[in-house]
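The chain below stands alone, shown as structure tokens; this is the form predicted on its own.
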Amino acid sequence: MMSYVYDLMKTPFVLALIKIVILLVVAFTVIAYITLVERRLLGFFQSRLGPNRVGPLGLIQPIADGVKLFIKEDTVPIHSNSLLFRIAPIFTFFPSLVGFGVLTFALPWITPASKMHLFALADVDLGVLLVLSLSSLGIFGLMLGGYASGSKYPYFGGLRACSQMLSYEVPLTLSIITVVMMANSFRLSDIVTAQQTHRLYFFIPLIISFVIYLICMIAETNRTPFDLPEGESEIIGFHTEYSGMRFGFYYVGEYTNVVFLSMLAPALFLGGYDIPFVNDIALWQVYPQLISILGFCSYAIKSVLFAYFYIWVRATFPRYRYDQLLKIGWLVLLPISLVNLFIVAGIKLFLLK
């Protein structure tokens, strides 16, 4: 019986299922506790205490918040479209969660039997294209949430949120395309390998794309100073009529996007799991398990730096007016990203000759 179970666990389907479970557990844990880290850091930046009462050092606070959302009353407005109202939060939460599956976190793990296991759920050929496609689905969650509420104010808030996300999604996509051009591949692991091979992280030659990505990733997640869809001083937000765990899906969806974009950035611009100043590929052939573990730690540290950047920006900059937000997206970032794209394409053509 034990041998049958062992053989079953080695089948590709079961191995993929195990990877999915591990990925979901780690992702939900990180998403839950980044909220605690942010609140503690904001308290530090603003000379006050963050949450520190529930559990030692406040470590049980995210669990308490989750339980509170589950037990709160879940109301559905009378004049709402009940079906769309119920499914709208899923469009915000689900796409980014799926995006974690295409990330490669380290060099393959080699077992004593010389079998290789990828630190990725699905290292697909069109990984970048899949990520961009999934990220565009998040707009539907905001639009449907405002429309289905049956109230004019959430409807206007949803339209403003869609307008913001569309205006910054275009320069974000153009900045990522320059990375694809540099690596000659849409596969995320190939992008990391290209940076390892040339011993040059893409944020150096593509510094303009890197800066545009940093700005747009904040706007795409509706974070300060681009948090107008949820800002208290602005028109009522798209999720005004939501309560209980349906509101919780919007809340968790925002932090899922934060974590995902923070983990995507190292793969695109900072060499992913590459260990700085170390020849990973050569050492991996000698010490495969050690280099895989160190590469995973390197990826985690780089992702934490980007997540910290999110929090630091929130604590530092004031909120823009809506006209300023749109001008930055359409009149500043879009022209710069287009010119940058043409320059990178021209340099690539010149080098190919």
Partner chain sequence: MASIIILTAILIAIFSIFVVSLKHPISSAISLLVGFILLGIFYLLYEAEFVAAVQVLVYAGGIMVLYIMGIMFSDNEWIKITRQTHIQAPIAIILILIFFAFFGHKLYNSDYPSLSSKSSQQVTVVQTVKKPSNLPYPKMETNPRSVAVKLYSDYLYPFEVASVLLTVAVLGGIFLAKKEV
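Residue numbers count along the first chain shown, from 1. Given the structure is predicted, the values throughout are model-derived calculations rather than measurements.
Below, we turn to the form predicted in complex with the partner chain, even though it does not appear here.
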| message | Please tell me whether any heavy atom belonging to F186 falls inside 4.5 Å of a heavy atom of the partner chain, as the geometry stands in the model of the complex. | response | yes
| field | Distance check, Y153 to the partner chain in the model of the complex, heavy atom within 4.5 Å | value | no
| message | Considering non-hydrogen atoms and a 4.5 Å limit, does the partner chain approach F140 in the model of the complex? | response | yes
| query | Though only this chain appears here, would S133 touch the partner chain in the model of the complex if you measure heavy atom gaps against 4.5 Å? | reply | yes
| request: Please state whether every one of the three residues L84, Y147 and L166 places a non-hydrogen atom within 4.5 angstroms of the partner chain in the model of the complex. | output: yes
| remark: Assert contact_stretch over 155-163, 248-256, 208-216, 193-201 against the partner chain in the model of the complex, heavy atom within 4.5 Å, equals 155-163
| request: With the partner chain left out of view, choose which of L121, L129, I281, I275 has a non-hydrogen atom within 4.5 angstroms of it in the model of the complex. | output: L129
| in the model of the complex, the one of Y242, F100, F91, F105 near the partner chain [non-hydrogen atom within 4.5 angstroms] | F91
